[in-house]
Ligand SMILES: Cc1cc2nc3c(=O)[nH]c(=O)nc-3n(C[C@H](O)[C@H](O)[C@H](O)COP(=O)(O)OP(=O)(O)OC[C@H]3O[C@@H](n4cnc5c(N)ncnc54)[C@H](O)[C@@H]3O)c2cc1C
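So this first bit is one chain, no partners, the form predicted on its own, shown in structure tokens.
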């Protein structure tokens, strides 16, 4: 049975302890798979170290930021997932890795007091939002990396609606109702599409005219959604245009002021509410743990997802710099890779429990889907391009499938019901 969650990890070890640091896609998947595969093995203990009690589905935050979803739609609570599994959860943070001693310390940075021995350590601490040092950007923009970020965007929108109601001049109302998203990757397109589709309804509830709304998307590169085929990019842009989104591409942001974004080409874009979706970087603490890192701060791994210098340390998910053996390129920070790395690592750890050697991980990208508003999408799977309703269905179903993989039929069914209720 699952032990009671605790903020301390200083518990006696029993036999071979597997410590997993990080409870995102990689860490949660790894803990669930190990819990199922090693349930009943008496000398093995599984411990998850993670400060937050739930995993968050980052690519569906737009549905929380603008509606109609509640925050719980993006939250997968660990106590529910680990129910009846032999997984001990410690709600704390990894402070340091002492690989020579085969222990980690846990607690506030520089003040950690708990020491946890491990037989195998899996580092899956993920990534954080990356905000470049553009003047004014950090001060005025909200990132989109957590449910709290999504709720902050919703709050800022509400503030502008209430302010706009009091304005008599149309030009002033338009400036007050200007929403801008920086970053034309998947997250930025998903946020801006949902803003454009759902904000008009929210505005009507305040007695505002949707004609006063301005929604913009800024991308410094020549085009949006660079990871998708050109034909899908064109479909996405047409959809954004139908939703009334103005695109600004090919010029980087030079500075941000309280009510405007300045581009390097001299353009100035009114912006009362600004969202930055410009990328992510690996957990910045990872480079301090004495493990080899690449120039981007991701931890280097072997073909078996292990630290090259430490046979008892695995590294999975966004924090891992795993190189695809077919291309020798580091695989991107995508949930599907984090999940598959974790599944394979679980198999390897089980093999080691039984005295067998681990096997190499082979990354394969099965597809990618991006929503352009809550009811329309673009993407591909197994070489086939999809757009519109089929694409958004596939995007939503991938999360239902993930909920089923880690939480079983009951959680997947709940997720499916919530999804269907939003599209009625």
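What you are looking at is a predicted structure, and each value in this text was computed from that prediction instead of being measured. Residue numbers count along the first chain shown, from 1.
Although it is not shown, the form predicted together with the named molecule is what the next lines describe.
You can rule out all but one of 197 to 205, 118 to 126, 231 to 239, 346 to 354: in the predicted bound form, only 118 to 126 has residues with a heavy atom within 4.5 Å of the named molecule. The three marked residues, 34, 86 and 313, fail to reach the named molecule in the predicted bound form, with no heavy atom of any inside 4.5 Å.
For the candidate set 270, 212, 114, 283, a heavy atom within 4.5 Å of the named molecule in the predicted bound form is found for exactly one residue, namely 283. The listed set 52, 375, 359, 362 contains one residue whose heavy atoms approach the named molecule in the predicted bound form to within 4.5 Å, identified as 52. Interface residue remark: residue 144 is counted as part of the site for the named molecule in the predicted bound form, having a heavy atom within 4.5 Å. Within this chain, residue 323 is remote from the site of the named molecule in the predicted bound form, having no heavy atom within 4.5 Å. Shown alone here, residue 318 lies within 4.5 Å of the named molecule in the predicted bound form, counting heavy atoms only.
In the predicted bound form, the named molecule lies within 4.5 Å of some heavy atom of residue 187. Scanning 84 to 100 for heavy atoms within 4.5 Å of the named molecule in the predicted bound form gives 92, 93, 94 in sequence order.
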